[in-house]
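First comes one chain, alone, set out as structure tokens in the form predicted alone.
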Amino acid sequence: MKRLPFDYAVRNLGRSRLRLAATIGGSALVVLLVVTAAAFVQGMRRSLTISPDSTNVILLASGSEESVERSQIGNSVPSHAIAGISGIREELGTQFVSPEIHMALVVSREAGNPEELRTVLRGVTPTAYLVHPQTEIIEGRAPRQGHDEIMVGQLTHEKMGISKSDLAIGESLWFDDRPWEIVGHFRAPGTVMDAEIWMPLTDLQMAANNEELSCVILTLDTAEFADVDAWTKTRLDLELVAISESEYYASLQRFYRPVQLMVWVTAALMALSGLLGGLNTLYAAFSARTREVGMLQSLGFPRRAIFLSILQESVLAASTGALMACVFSWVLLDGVAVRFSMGVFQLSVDSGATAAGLVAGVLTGIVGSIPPALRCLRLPIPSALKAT
């Protein structure tokens, strides 16, 4: 087959700067929407994912498997678990058993301030840092019991909708009619803990006037999940249920799956609108080149060769827009915080999101070129040469 040279398609791109800009812009819009949707889904998935190698088991109240914040168990459960379950991880005489309270509260930055800043507080003991090894204090120190002190995550300000400086060390947050001084910052990348406020367990119990716990988290050593599950079934008086930490967060992922699907559908509909706009641009562009297509056929170039050249031209322009959109999203969108009911997650423009965007850009170029190319090529050569 006699083919048109590749540089013919490249030179055609510069014949109309307005048409080129419209094609690149349409492709960039489609790709940007696809990358944003992929980054959203990937970021939410990461924040609700625990390593499959995690050996943590959560003890919750029966019937509260879907929300640890609704769970209420007795204050004596940690000691019963230590006595009844063999094989819990232990180092230097300290067993990895973390009693915790998870509570959503409304706080303010100063006394009498009518603003309502919603956040999640977690009451913990020092063993929480053992069962949650991904948690790292990056500034300041851990809060002391009985001193009205708290420690905030690096994304807590995003969850509360305030500036980062409002949660600097030395600042205070008000709840329970008194100020709580911020003495430290911590991070737990890729987890919901990154947007929480941590404080001593007993302090939160007194502030909330609640002596019960939300959960107890165990780290297993020689024991297996079946051992913990069997123990909870023998202690009916405690009304407990055991669930592995990885399974708990997997259930949360399933709960938020409709939200992720809605994001994909919205992005697809908006991308389709951008694609239809690009089709109009290409239709107008190739309609003005009908005589050129007829001349190429009269010179002996088959329709397949002309179609291939048009396809190359369209894919080149669309790919340029795709690359621009990927760079733009990586620079401006990667790491952007998004609030949701569980806390905060960051958009993740990783290799998967970038690949999805590039594929969408190439497909936009291919699909967008087919209808106008077929419209030009279906005309007989005499009719094409007489076109205006």
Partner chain sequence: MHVFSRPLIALSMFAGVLLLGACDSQTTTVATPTASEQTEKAAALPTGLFSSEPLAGIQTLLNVKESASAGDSVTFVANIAGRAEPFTEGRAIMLVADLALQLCTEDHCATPYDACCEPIETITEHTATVQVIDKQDRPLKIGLKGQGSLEPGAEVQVRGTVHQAGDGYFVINAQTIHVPG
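Residue numbers count along the first chain shown, from 1. In this text the structure is predicted, and so the values were computed from the model without any measurement.
One more form of this protein exists, namely the form predicted together with the partner chain; it is left out here, but the text below deals with it.
The partner chain is not drawn, but in the predicted complex it has a heavy atom within 4.5 Å of residue 236. Contact annotation: residue 149 falls outside 4.5 Å of the partner chain in the predicted complex, judged by heavy atom distances. In the predicted complex, none of the heavy atoms of residue 29 sits within 4.5 Å of a heavy atom of the partner chain. Contact check for residue 92: no non-hydrogen atom falls within 4.5 Å of the partner chain in the predicted complex. Exactly one listed residue, out of 224, 176, 171, 136, brings a non-hydrogen atom to within 4.5 Å of the partner chain in the predicted complex: 224. Only one segment in the set 151-159, 128-136, 190-198, 238-246 has residues whose heavy atoms sit within 4.5 Å of the partner chain in the predicted complex; it is 238-246. The putative spot formed by 70, 76 and 344 is not touched by the partner chain in the predicted complex; no residue has a non-hydrogen atom within 4.5 angstroms of it.
Using a 4.5 Å cut-off on any heavy atom, none of the residues of 154-174 reaches the partner chain in the predicted complex.
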